[in-house]
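Here we start with a single chain on its own, the form predicted alone, put down as C-alpha cells.
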C-alpha cells in the first residue's frame, strides 16, 4: 500500500492516536540511510511537478502542516518543501492573530493566503488553531468552536471547487520525543532561540490537545481535503512519508505543459 493509503484518515472515521506508534515507519521497511536515498527521487519528482503546475496555471496546491510543539513542521519545510522553487511557493506561518485579524472572522487571514493558480501554498499551523489552541485554552465558548468544524469543511470545499488541491498533515510525535527535542533546544546555544516557556504550558495540556486533534482529524478529513497522520518521532521517515503523499498527489493532479499554437520552427532568432 502507498503512504497515502496507509496514513490517510478515512472520512467518517475517528482515529485512535494512542494506537498509532509515533516511532513507526508504515509503508517503508528500510533504515535511516535508505530513507534518505528514497527521498531524493521524490524531491526531483516534486520539482518537476511544480514546473508543470506553474506552466499550466489552472490549479494550485495547499499543504497544511499541524503538530504539537517540536513536532517537525519546520523540518518538513526544510527537507521536503525546499524541493519547490521558492518563486512559486509561499510559506505562511500562523501565530497569535493581530489586532487587524481579530477585527475579521477567523478564516479571513487564511483565505487571504490561499495559493493562486499555478502556485503552492504551505501553512505552518493554520485555521485549525481555531479548533485546537482556541478550544484547549478556552478562548471562546464551546458553542462557538464546535460550529467551526462545519465552517472549515465548507471553506475547504469552496477552495477545492475553485481549483485548489488540499493536503493536510498531522505530524504525530510522542511525549517522550517532544521532551528530548525540548531538551536539545535548551542544551544547544544555537537552538535556544526556539525555546518558549509557553511550550511547557502547552505540554501540561497534552491530553487535552490529543482530544482536540482527534476531533479535528475525525470531523475534517474529507474527500477533497484529507488529513494524513504521519508518525514523526523519526525525522527521516516523517520527511519521506510527507514527500511520498505529495508525490502521489502530484501524479493525480498531473498538470500538463501548455500546447503552443504558434509554429515555433518558423521563428528565426537574429544573430
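Everything numeric here is computed off the predicted structure, so don't read it as measured data. Positions refer to the first chain, counted from 1.
Omitted from view is the form predicted in complex with ligand ADP, to which the following refers.
Asks: Heavy atoms, 4.5 Å, ligand ADP in the predicted complex: which of 129 to 137, 172 to 180, 112 to 120, 152 to 160 makes the cut? Say which one.
Replies: Within 4.5 Å of the partner lies stretch 129 to 137.
Asks: Would you kindly say which of 90, 184, 125, 146 lies with a heavy atom within 4.5 Å of ligand ADP in the predicted complex?
Replies: Exactly one listed residue reaches within 4.5 Å, namely 125.
Asks: Only one of 168, 79, 165, 73 comes within 4.5 Å of ligand ADP in the predicted complex by heavy atoms, so just point that one out.
Replies: The residue from 168, 79, 165, 73 that makes the contact is 73.
Asks: Should residue 95 be counted as a contact of ligand ADP in the predicted complex, where contact means heavy atoms within 4.5 Å?
Replies: Heavy-atom contact with ligand ADP at 4.5 Å: present for residue 95.
Asks: So in the predicted complex, does residue 215 come within 4.5 Å of ligand ADP, heavy atom to heavy atom?
Replies: Output for residue 215 is no: heavy atoms all beyond 4.5 Å of ligand ADP.
Asks: Indicate whether residue 56 is a 4.5 Å heavy atom neighbour of ligand ADP in the predicted complex.
Replies: Although ligand ADP is absent here, residue 56 would stay clear of it in the predicted complex, with no heavy atoms inside 4.5 Å.
Asks: Is there a non-hydrogen atom of residue 51 within 4.5 angstroms of a non-hydrogen atom of ligand ADP in the predicted complex?
Replies: The answer is no: residue 51 has no heavy atom within 4.5 Å of ligand ADP.
Asks: Go through 28 to 62 residue by residue and record those having a heavy atom within 4.5 Å of ligand ADP in the predicted complex; state none if no residue qualifies.
Replies: Stretch hits: zero.
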